[in-house]
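Below you'll find only one chain, the form predicted alone, shown as structure tokens.
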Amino acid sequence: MAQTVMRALLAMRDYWFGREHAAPMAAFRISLGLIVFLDTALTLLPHAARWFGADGFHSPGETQWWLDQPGRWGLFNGTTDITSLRLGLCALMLCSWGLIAGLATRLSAACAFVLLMSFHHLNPNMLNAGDALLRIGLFYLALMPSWRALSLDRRILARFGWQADPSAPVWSLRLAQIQLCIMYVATGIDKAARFDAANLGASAWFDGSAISKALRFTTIARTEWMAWVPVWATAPMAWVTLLWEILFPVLVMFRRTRPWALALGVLVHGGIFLTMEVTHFSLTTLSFYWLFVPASVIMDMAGKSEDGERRVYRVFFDTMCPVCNRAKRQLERLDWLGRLKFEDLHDRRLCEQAMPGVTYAQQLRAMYVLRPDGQYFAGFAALRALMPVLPMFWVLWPIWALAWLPGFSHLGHAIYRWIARNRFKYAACDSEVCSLHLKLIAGKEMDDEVIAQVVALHERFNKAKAAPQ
């Protein structure tokens, strides 16, 4: 019993006060910085006079009444002149660039939080849930040592001879993660408990009509053409969304279900953004998702580790398979950043050193990808592992999200296995070695005899290629 309690206490200590790579915090910082900049430049600054000025929607007396309410404060009041307000918004944009570049990171986050709160308190009528969440994110960001990764602060310190540790205490990251979980659970419970008193009926989320009603609500719907969508078509989405929100903390707690929870969240908020006028709510919520993404994925997207080493994915493929060669050429076209290195799986010494325990037969059945951290993936999982380093999938992020959902991922695995199993039937060879190779392995079990014949063929081929002409 004592040992169990001690292990639980140590696990709790590590959960709150352990150290992790700061890349997720840095991605969170950059995302919030971009949102603050765009929101300020495209909405707040152009409408500053009407929304916040003394001659705008609210009189100075009304604005002062708002500010006199408990918990409301700010750097401005109802009589602040428009020039000062615009200078404050320019300062907010300057802070956003500090967040994006990682320059004076914590100061930029703290100043952005104070300035944004000041403007929001001047006119609460223009706000939605996204604005509140953005302020909360900036508050947590001011607590985070996000400058330890992907920042100018880190580079400047390195110029002066101090190589900062890229890992950081995680307690501030945990607070932000828990904040997101509380938001989802509270929202889900509120939706489930809401009662339609006028019609004496259950919540619109229970009867499945919530999404259909939102699409017909012209105040927030982006387009009118979605209004025809019937309730029966959107009801399953409403039920899945409600269940996902309530179970979100449990789903992100475990590594196996975390990608599914995040992938479904990307689709939900992507759908909200595409169909409803909710300003930056979806984007701000999705910014919090970076805090759940492994640092290795973010560093792979950045292209370099903190020590400057280039992070390259190694792709092991069958050079004698025409279908595999076509797939290689397609990947080369998508590899705009030069992040992939292609290896011949028939080079057994190289493969055995790179991926101990992976047999020749396994590699002949599927493409393998070796990540810079030493983890390898096969088949459809290998294609999915390549998505963080292919910029095309940064733009087409819903496809990336679909690849993690259970139904779509199982379909992806099944399609890949079918193509891999039948690729030899429709392959057109352009050399004798290729033809012999396919005849040996097409439609056969990869037993020791077949493997020995393939090895002998490729040894003969390599010797002939190395022989002087």
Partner chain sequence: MRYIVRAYRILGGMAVAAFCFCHLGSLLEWNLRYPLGEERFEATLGEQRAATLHEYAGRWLRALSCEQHWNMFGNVGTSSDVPLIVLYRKDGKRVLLHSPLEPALKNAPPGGDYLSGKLSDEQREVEWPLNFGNGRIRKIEDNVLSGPEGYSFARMSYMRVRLREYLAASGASLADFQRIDLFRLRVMHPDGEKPARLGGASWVMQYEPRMDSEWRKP
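Being a predicted model, the structure only gives us computed values, none of them experimental. Throughout, rigid core stands for the largest set of C-alpha atoms superposing within 1.5 Å between the two forms. Residue numbers count along the first chain shown, from 1.
Beyond what is shown, the protein has a form predicted together with its partner chain; the following relates to that form.
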query	finding
In the predicted complex, K328 touching its partner chain (heavy atom, 4.5 Å)	no
Heavy atom of P70 within 4.5 Å of its partner chain in the predicted complex	yes
Contact flag, R384 vs its partner chain in the predicted complex, heavy atom cut 4.5 Å	no
L175: touches its partner chain in the predicted complex, heavy atom cutoff 4.5 angstroms	yes
All of A210, R216 and T223 with a heavy atom within 4.5 Å of its partner chain in the predicted complex	yes
Heavy atom within 4.5 Å of its partner chain in the predicted complex - residue from I136, I100, A164, A104	I136
Selected contact from F113, Y368, F119, F248, since only one has a non-hydrogen atom within 4.5 angstroms of its partner chain in the predicted complex	F113
Segment that reaches its partner chain in the predicted complex - one of 385-393, 259-267, 232-240, 139-147, heavy atoms within 4.5 Å	139-147
In the predicted complex: members of 38-72 within 4.5 Å of its partner chain, any heavy atom	D39, T43, L44, R50, W51, A54, D55, G56, F57, H58, S59, P60, G61, E62, W66, Q69, P70, G71, R72
C-alpha of P60 moved at least 2 Å between this form and the one not shown on rigid core	yes
Per-residue C-alpha change between this form and the one not shown, T80, threshold 2 Å, rigid core fit	yes
